[in-house]
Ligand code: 1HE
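Coming up is one lone chain in structure tokens, specifically the form predicted alone.
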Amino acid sequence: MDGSVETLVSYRLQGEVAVIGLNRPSKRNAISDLVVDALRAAAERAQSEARAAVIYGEGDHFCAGLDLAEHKEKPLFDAIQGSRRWHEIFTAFARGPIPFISALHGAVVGGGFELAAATHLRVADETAFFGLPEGQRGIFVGGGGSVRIARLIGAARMGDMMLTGRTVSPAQMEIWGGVSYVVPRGQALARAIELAEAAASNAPLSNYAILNALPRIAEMSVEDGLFTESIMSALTSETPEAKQRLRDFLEKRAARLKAPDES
């Protein structure tokens, strides 16, 4: 095993944005148990001192997935517990207090795709390619992909990728709903940081509601969802920050929204 928890994942604070780097380029940033532990530490630090976070990969790839050399030696129960640890930590990204944005290039494969799916926005440059080779490896996804990836792109498309080993371009993945933005080669990280800075400027409780209430409402009945929406709408509007922002808007001190083709 190369590296330690302290070196496998890099961390820096850029204004109000935590920038987290998978730092195992010689292994195409494959995810080992130590990498999972490092991601947990980075997520906890980001949530304590930043208002948004970006995850990217050092070297030529975002992440080539599970470290198979480590996985093949695990007893059955250890493998189950390992998967559950991935679920716990990826859920900390998906349902935490701040938004996480992934900057994707090169391989976004297997567990790397599962990690990206746990983030709230995915920015891919034109070198990215998406794959789920678990079927060819004799295994199954274990990092939450059967829930998160399937809900992003549909179970049938995910099944196609797993059954055939098909890789998918970022342009196609954007059409499918698995990618939020596609940018030219080498620009994913800069664009992800720009988006994170925009999200960091939002009211914290609004972001918390978007990250935590919105996905739950999507799983509710219509009536339960509408009721929950009413509660969250009232709660967010009662904060001092929301009241000040509404005053700024009404008194024309806040910037107006522009149509996409406006300069």
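Keep in mind it's a predicted model, so treat the numbers as computed, not measured. Numbering starts at 1 and runs along the sequence shown.
Below, we refer to the form predicted together with the named molecule, which is not included among the displayed structures.
- Put simply, of Ala30, Ala200, Leu39, Ala209 only one has a heavy atom within 4.5 Å of the named molecule in the predicted complex, and it is Ala30.
- Residue Ile139 is the only one of Val147, Ile139, Ala190, Ala171 with a heavy atom lying within 4.5 Å of the named molecule in the predicted complex.
- In the predicted complex, Ser48 stays away from the named molecule, with no heavy atom inside 4.5 Å.
- The named molecule in the predicted complex is approached by Leu66, whose closest heavy atom lies within 4.5 angstroms of it.
- Contact between Tyr181 and the named molecule in the predicted complex is not found at the 4.5 Å heavy atom cutoff.
- In the predicted complex, at least one heavy atom of Pro133 sits within 4.5 Å of the named molecule.
- Looking at 191 to 199, 214 to 222, 58 to 66, 232 to 240, the stretch with residues near the named molecule in the predicted complex, meaning non-hydrogen atoms within 4.5 angstroms, turns out to be 58 to 66.
- In the predicted complex, the named molecule lies within 4.5 angstroms of at least one heavy atom of each of the following residues of 91 to 129: Ala107, Val109, Gly110, Gly111, Glu114, Phe129, in sequence order.
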